[in-house]
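Okay, here we've got a single chain as structure tokens, the form predicted alone, with questions on binding and movement later.
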């Protein structure tokens, strides 16, 4: 599946002249179990591009099907045939690890709308790689800080067995102060959690932390609610995003989750984004949409300052983060990952819609644990 979207003047098209000064390749998940995440990423990104109404940017969009080999093939085609200047859009960290190092080695810029594994934040950092979302550990660090503040002493923790899953549990443990009743890595894409719920029941845990994005989170939450296990649940926003909540329903009410963004963040950029997204797509945005939107606006701001063909100047323009983030205060640490707040949200119901509201701040002006390992 391929989508080609060009923001360009009609006259330029008619003349057959060059239609873009910057060509962007978006590789994201548009089919299968993780499709809602990629669709939100794409829609948030394109909302910003289309609103800008510029004639100097072209976006080519492809579906990675959540398969690393497909992502690599698409990246190779975009670099060699499409001649893109910038790559973006990958949701899953195992796909990012398959694509990003090779892309930056060939001189391309990679702007991450989501996946930000530890390997690319520390020793594997690169001056052409920017994570606009977070560093993978961040939201889980916020959840760990919240669990510690709540006084949980024996938490059962669980995540899928792929790079972001390992970052998740490492991040949680970095700020959590209690013991672990269990630590389990599940299969990526798993939908049956009967065995894990039985382990939780038998573990003596006083709480549960889990990171299961997309359809995995829907399956677990429904099964957990039906199991009769009545322990407090904490997770990152990925397990309680807008799409997941509508599928899970009442089982998620009251659950606390950590996030760098929420639809009720009180700043002008966010208010406009939420309203515009709802008007265009007839649904509330998720964190994936917010990150896609911010990534596009960062890119547009850098294009106003530097030529994408001048690596050093364009990297510096990106680094300045001269755009109005929907997250409010936003800057980059030395390893090109955000410095931002991590909030605590609670799942609520507004009319017929399940959503989140901010109830606290877990970590303020938070960077990441790998800055000192980055030697670029």
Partner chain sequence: MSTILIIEQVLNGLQSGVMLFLMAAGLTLIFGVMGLINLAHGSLYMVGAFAAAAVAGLTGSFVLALIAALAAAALAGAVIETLVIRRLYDSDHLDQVLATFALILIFSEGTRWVFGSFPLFLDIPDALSGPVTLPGGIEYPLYRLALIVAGLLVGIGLWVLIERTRVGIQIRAGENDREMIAALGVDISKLYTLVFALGAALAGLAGALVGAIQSVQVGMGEPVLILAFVVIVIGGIGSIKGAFIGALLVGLTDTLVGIFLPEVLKLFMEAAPATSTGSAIASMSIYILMSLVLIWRPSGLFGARA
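Keep in mind that this is a model prediction, so the values were computed, not measured. Residue numbers count along the first chain shown, from 1. By rigid core we mean the largest C-alpha set that fits within 1.5 Å across both forms.
Although not depicted, the form predicted together with the partner chain is the subject of the following passage.
Pick from 154, 267, 199, 278: which has a non-hydrogen atom within 4.5 Å of the partner chain in the predicted complex?
Selected option: 199.
If you check 254, 107, 228, 204 against the partner chain in the predicted complex, which one has a heavy atom within 4.5 Å?
The residue from 254, 107, 228, 204 that makes the contact is 228.
Just one of 257 to 265, 232 to 240, 107 to 115, 178 to 186 has heavy atoms within 4.5 Å of the partner chain in the predicted complex; which?
Every other range fails; the passing one is 178 to 186.
Using a 4.5 angstroms cut-off on non-hydrogen atoms, would residue 127 count as touching the partner chain in the predicted complex?
Answer no; every heavy atom of residue 127 is more than 4.5 Å from the partner chain in the predicted complex.
Though only this chain appears here, would residue 57 touch the partner chain in the predicted complex if you measure heavy atom gaps against 4.5 Å?
Looking in the predicted complex, residue contacts with the partner chain do not include residue 57, since no heavy atom lies within 4.5 Å.
With heavy atoms only and a cut-off of 4.5 Å, decide whether residue 305 touches the partner chain in the predicted complex.
It does not: once the partner chain is placed as it appears in the predicted complex, residue 305 has no heavy atom within 4.5 Å of it.
Report whether the minimum heavy atom distance between residue 317 and the partner chain in the predicted complex is within 4.5 Å.
Although the partner chain is absent here, residue 317 would stay clear of it in the predicted complex, with no heavy atoms inside 4.5 Å.
Counting only non-hydrogen atoms and a 4.5 Å cut-off, give the residues of 213 to 249 close to the partner chain in the predicted complex.
Residues within 4.5 Å: 215, 218, 219, 222, 223, 226, 227, 228, 243, 244, 246, 247, 248, 249.
Look at residue 225 and decide if its Cα position differs by 2 Å or more between the shown form and the other one after superposing on the rigid core.
Moves: yes, 2 Å or greater.
After a rigid core superposition, would you say the CA of residue 281 moves by 2 angstroms or more between the shown form and the other one, or not?
Shift of 2 Å or more: no.
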